[in-house]
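What follows is one chain in structure tokens, specifically the form predicted on its own.
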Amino acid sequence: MNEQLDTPLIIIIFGISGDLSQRKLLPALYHLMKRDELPSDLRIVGVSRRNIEVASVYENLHERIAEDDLDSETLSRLQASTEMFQLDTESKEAYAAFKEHLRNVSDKLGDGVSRIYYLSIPAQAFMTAVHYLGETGHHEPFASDSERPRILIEKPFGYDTHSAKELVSVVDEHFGELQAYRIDHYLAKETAQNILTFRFRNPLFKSIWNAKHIEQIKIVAHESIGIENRVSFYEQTGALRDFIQSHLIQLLALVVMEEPDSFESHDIHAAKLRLLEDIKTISTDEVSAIALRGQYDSYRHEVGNKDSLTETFARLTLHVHNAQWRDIPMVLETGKGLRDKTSKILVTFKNEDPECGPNILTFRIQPREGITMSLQAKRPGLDKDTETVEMEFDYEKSYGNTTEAYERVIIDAIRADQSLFASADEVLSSWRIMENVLTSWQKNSHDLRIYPIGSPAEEIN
């Protein structure tokens, strides 16, 4: 039996009725419960400003689950393990009363209880929630608890360097780095998890993973949809903050960092941070040369702002200033309203023969997670013509259904494994790298490309 199944657990979900919780978190808990990967002594405490019944929280959950995976008994168990608590999030006294409520829940579960606080709330509410949780002692274990509570925080981790430092400071003041889990669900996807194993457990690639053999690394996250119902969020955030500052720069760190001393959490974070520190801050003078932004043509109408400068497409070209990667372009690109929906990492190897196509190693994050290697092969027949062929590894074909990202997030938080979460230093370093890009883009619109919705990303230049 897994150790975490022996430990009573309380999961406190702020914003349990919100979009993220409904789309990702509750379905993840359902699947974990169905596979008996959660403790049998489990209580889920949903926190809301409004008076909400448990039944209404789970009313539409069945629509988020594939029909052939739907199990009414599991749904009933999950709902039965849940209770609601109405909380005035602006009142310190309310947080104190909530702590006493959780103490009663913990006492009923017995000794050795673990607590996880999941903040599935708007970013602007993080500071207040963390502050009042700390001020009223939620960060401390109850007398019979097995360990200190942990807090899970969704991105964005700040709006800029200054706000990120403030958030890091308040989390550190009350919970500390060992209790803080900053969620980047991209790092919990199977392909992202496999990057380090692929790089450091295969001698072929381990020996050629450097500037001598690699020409370019490109990481893309393209979406065919627009902003849909996220008008307020997206107008304040934009593509650079939404994806590049968090997801893509974290993936870049995994792809190009040095081999860690071990595969333990602290050594992985140390290696990632060393890599990020080797990427210099983009100066204001460099922005136009290495950063490009675009906006799909119907965006301003959707948000009701004819002067909006918010980018829905962003591309950055970074360079790592160390001996292993010097002068090799690292391209990070994301956008909405594009022709294709795809997230992948492309590693292009140098080619000395102009008559042959390049070898490209592709880590497919979505859709259809897997790894593809393009190679040159002779066509069948009497001629000596060659063509590009692909060697492919597909997760679903090899292993069947894989663990969803938010399922892994929950399990790793229960295990106290911070490997796939972002550290405070990594967050601040990523903001430091691109702060001047954001500042420059806010000042004028002369370099904002307007592109037709459904455009190929490569045509935005």
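What you see is a predicted model; the values in this text were computed from it and never measured. For every residue, the number given is its place in the sequence shown, counted from 1.
Heads up, the form predicted in complex with a small molecule isn't pictured, but that's what we're talking about next.
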Option from 62-70, 40-48, 22-30, 411-419 whose residues, in the predicted complex, bring a heavy atom within 4.5 Å of the small molecule: 22-30
Sole residue of Ile225, Ile208, Ala96, Ala377 within 4.5 Å of the small molecule in the predicted complex, by heavy atom: Ile225
Contact assignment for the small molecule in the predicted complex, among His185, His174, Arg150, Arg77, heavy atom within 4.5 Å: His185
Lys272: touches the small molecule in the predicted complex, heavy atom cutoff 4.5 angstroms: no
In the predicted complex, Arg339 touching the small molecule (heavy atom, 4.5 Å): no
Touches the small molecule in the predicted complex: Phe126 (any heavy atom, 4.5 Å): no
Proximity of Gln366 to the small molecule in the predicted complex, heavy atoms at 4.5 Å: yes
All of Lys344, Tyr395 and Lys397 with a heavy atom within 4.5 Å of the small molecule in the predicted complex: no
